[in-house]
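One chain follows as C-alpha cells, the form predicted on its own.
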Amino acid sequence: MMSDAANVIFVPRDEHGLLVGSLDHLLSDQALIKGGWRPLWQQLAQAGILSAALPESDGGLHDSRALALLAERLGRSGVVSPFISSATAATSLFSRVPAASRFVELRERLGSGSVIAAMDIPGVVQSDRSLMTLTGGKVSGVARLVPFGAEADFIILVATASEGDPALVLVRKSDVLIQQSVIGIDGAPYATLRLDSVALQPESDLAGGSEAERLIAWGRDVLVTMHCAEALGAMSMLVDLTRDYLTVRHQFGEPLSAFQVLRHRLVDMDMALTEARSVVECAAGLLEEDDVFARRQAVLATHFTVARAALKVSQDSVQLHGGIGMADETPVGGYFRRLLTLPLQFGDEDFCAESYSG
C-alpha cells in the first residue's frame, strides 16, 4: 500500500509553474541548444534551474516532483545535458549522506553550475558493470560508460570494500584515467574510467555498509525516475510532431488525419503517453518518502510502463511519418534514438516485471 503522500502528488505548486516557465523561456532560444549544452548550462544556473535540488535552507526546492517536471521539459526540447546526473541525483545525494554538512560548499557549486558531478550506480542491468574495489583506503578498478564521465569534475562511484560491503565514494577527475570517450546513440557523451590505487581523503568516503546500500538504492530509483520523466518529454514531442504531420501531409486529396485508421493509431499513442505521465508523477511524488518498499514498487511500475510506452510511441511515430521519419530533416529520428537508451541503460519490460514480482 502506498503512503499518504501518493494522494497529494498531483497537487501543483506555484514554484513548479515558475520553474517550468523559466526553463521553457530558455529552451525557446534554439541558438543555445545548437551551441551544445555548455552555453545552456550557465543559463540554467542563472535561472535557478540547477539549484532546484538543493535543500530549502540553501535556496532550493528539495522537491522531486519539480525535478521531474524539469527533466520532462528538457527531454521534450531534445537537450543533452548532465542535468539528471549532476543537478538532480548527485546534488540530492550530497544532502543525504552522513554528515552532509561536509558538502555544503560542493552542493552550492553544483547549483551554480561551476562544477559537474557524474554518477555510476551499477546493478541496474549488469551487476558487474562497475568493477571498483576499496582496499586500505585506496580505490582501484574500471567504471564503464559513465554518462558525462569525461566532462565531470567529480565522480560518485560504488566500490566493494575488502570485507565485501559496498562503499560509496567520491573521486576527483584529476585522479581518474579516461580510457575511452564516446558519443552514445542518444547524443550524450559516455566515458570508461580507470582508477589505479587512488587514495581517498576522509571526506571522499561518502558511506559504507548498510548506509551505502540505502543510498545506492535511493540513487538508482532517482536516476530511473528522472530518466523516465525525460523520456516522457520526448514522447510528448513525438506525439505532437506526429499529429502535426498527419494534419499537413495530404494523400489522395485528403490530409492523412482524415483516415480513421491513422487517427486511431495517434489516439493510441496519446493514451500511452497519458498512462506514462501518471506513473511518472506517482514515482516522483514518492522519492522523498521513507517507505522504501512503496517507493521501489512505484519506480519499477513506472520503469515498466514508460519503457513500454516509449517503444510504442517512438515506433508508431516513425511509421506514421513514413521514410522521412528517420531523415535528418526531421527531429523524429533523434527522439527515437533518445528513447532507445532507456531500456539499454536500465532494463527492458521483462527486467522490470521480474524485479517487481521478485
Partner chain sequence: MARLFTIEEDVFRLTVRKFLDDKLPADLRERMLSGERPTRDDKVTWSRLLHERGWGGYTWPAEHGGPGFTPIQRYIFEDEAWQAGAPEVVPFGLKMVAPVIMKFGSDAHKQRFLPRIASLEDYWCQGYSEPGSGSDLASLKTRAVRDGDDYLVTGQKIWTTEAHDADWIFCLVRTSAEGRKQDGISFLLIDMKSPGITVRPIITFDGAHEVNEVWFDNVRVPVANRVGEEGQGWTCAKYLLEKERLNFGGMGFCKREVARLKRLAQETGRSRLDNPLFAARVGALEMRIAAADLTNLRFLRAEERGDAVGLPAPYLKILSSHLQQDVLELQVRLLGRSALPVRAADFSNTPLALKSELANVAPTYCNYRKTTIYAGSNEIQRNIAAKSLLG
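Numbering follows the first chain given and starts at 1. Treat the numbers as computed from the prediction; the structure is a model and nothing was measured.
Form predicted together with its partner chain: not shown, discussed below.
Using a 4.5 Å cut-off to its partner chain in the predicted bound form, not one of 133, 137 and 219 places a heavy atom inside that distance. Listed residues 99, 248, 199, 182 were compared with its partner chain in the predicted bound form; 182 is the one with a heavy atom within 4.5 Å. Checking 151, 281, 288, 211 for any heavy atom within 4.5 Å of its partner chain in the predicted bound form turns up a single hit: 151. For its partner chain in the predicted bound form, the listed stretch (312-320, 293-301, 52-60, 39-47) containing residues with heavy atoms inside 4.5 Å is 312-320.
At least one heavy atom of residue 341 is located within 4.5 Å of its partner chain in the predicted bound form.
Its partner chain in the predicted bound form comes within 4.5 Å of a heavy atom belonging to residue 337. Put simply, residue 22 is far from its partner chain in the predicted bound form: not one heavy atom of it is within 4.5 Å.
At a distance threshold of 4.5 angstroms between non-hydrogen atoms, residue 243 is out of contact with its partner chain in the predicted bound form. In the predicted bound form, no residue of 279-293 lies within 4.5 Å of its partner chain by any heavy atom.
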